[in-house]
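What follows is a single chain, given as structure tokens, in the form predicted on its own.
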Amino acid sequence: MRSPVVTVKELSVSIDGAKILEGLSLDVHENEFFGIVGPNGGGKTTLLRVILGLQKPTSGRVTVFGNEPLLSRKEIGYVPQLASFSRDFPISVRDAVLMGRLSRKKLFRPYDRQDLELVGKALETVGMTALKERHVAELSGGEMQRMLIARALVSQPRLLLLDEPTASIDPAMKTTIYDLLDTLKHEMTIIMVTHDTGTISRHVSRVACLNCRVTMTTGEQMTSEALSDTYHYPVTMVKHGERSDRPLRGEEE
């Protein structure tokens, strides 16, 4: 068994009196591509914030690389939800990615050749080299998401956290992002929050179905029953290339 990168033991989180996570326990191992699915308000983003050291547990414990999350923050790359990133700031793609090096710099230390080389490599990895001088406001949703992944990669993380990286982008761009993550999983551990249950099961090693509490499955074993228990309403799994006469979620019988 590979070493655990993230260990969560009996984690509970309450915010303003509302219970967000309760008795959550799980391990994420080295070079694992780990998916988290669940309804809005189910605690997915809160769990990422705990791993980042931005949210304190009410009870229980979380360790990252064997340390408290705050002590391991430099080892973590984070890709936020697209809606949380402002396009209004007047900055180029290259300069936005370069900001990902700030966590590795001492205060007031200028960027150096290594920083610029790492930015070039990150842009090449995500297929954005040709767009490096473009203003971020001119990017499509998928291009913006790849830029945010590049910004996370320049910090040279050992753990990559992604919060809804394929939300609100077209299917073709989703495919390129999943292909990119399939490549990156050989270099680092990946934890991804998503609503994209139909696609994620083909890429991840395990899935946590999270709605305050957690149900663990492997990607291949994710079932309609597990998702229905998590979302608290009927969910039908549809495999690509297969037809089903059963009604999809939201359709009338």
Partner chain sequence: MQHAVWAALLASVACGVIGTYVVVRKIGFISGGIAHAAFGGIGIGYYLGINPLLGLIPFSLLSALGIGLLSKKGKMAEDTAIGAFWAAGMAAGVVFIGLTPGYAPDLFSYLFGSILTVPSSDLLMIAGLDVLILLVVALFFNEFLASSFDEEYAEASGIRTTVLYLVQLCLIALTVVVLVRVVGIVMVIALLTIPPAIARHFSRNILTMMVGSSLLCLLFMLAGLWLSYLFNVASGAMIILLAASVFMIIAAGRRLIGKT
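Positions refer to the first chain, counted from 1. Keep in mind the model is a prediction, meaning the values are calculated, not measured.
Below, we turn to the form predicted together with its partner chain, even though it does not appear here.
Check your understanding: Which pick from R73, K174, K121, R158 sits with a heavy atom within 4.5 Å of its partner chain in the predicted complex?
Key -> Answer to the contact question: R73.
Exercise for review: Give a yes or no for T125: in the predicted complex, does one of its heavy atoms lie within 4.5 Å of a heavy atom belonging to its partner chain?
Suggested key: Outside the cut-off, so no.
Review point. So in the predicted complex, does any heavy atom of R146 sit within 4.5 Å of its partner chain?
Key: No, R146 sits far enough from its partner chain in the predicted complex that none of its heavy atoms falls within 4.5 Å.
Check your understanding: Given that the partner is absent here, does E133 sit within 4.5 Å of its partner chain in the predicted complex, heavy atoms only?
Key -> Because a heavy atom of E133 falls inside 4.5 Å of its partner chain in the predicted complex, the answer is yes.
**Study point:** Touches its partner chain in the predicted complex: D170 (any heavy atom, 4.5 Å)
**Key:** Outside the cut-off, so no.
Practice item. Please state whether every one of the three residues E117, D196 and V207 places a non-hydrogen atom within 4.5 angstroms of its partner chain in the predicted complex. Key: Judged in the predicted complex, none of E117, D196 and V207 sits within 4.5 Å of its partner chain.
Review point. Which among 182 to 190, 33 to 41, 196 to 204, 51 to 59 is in contact with its partner chain in the predicted complex, heavy atoms within 4.5 angstroms?
Key: Correct option: 51 to 59.
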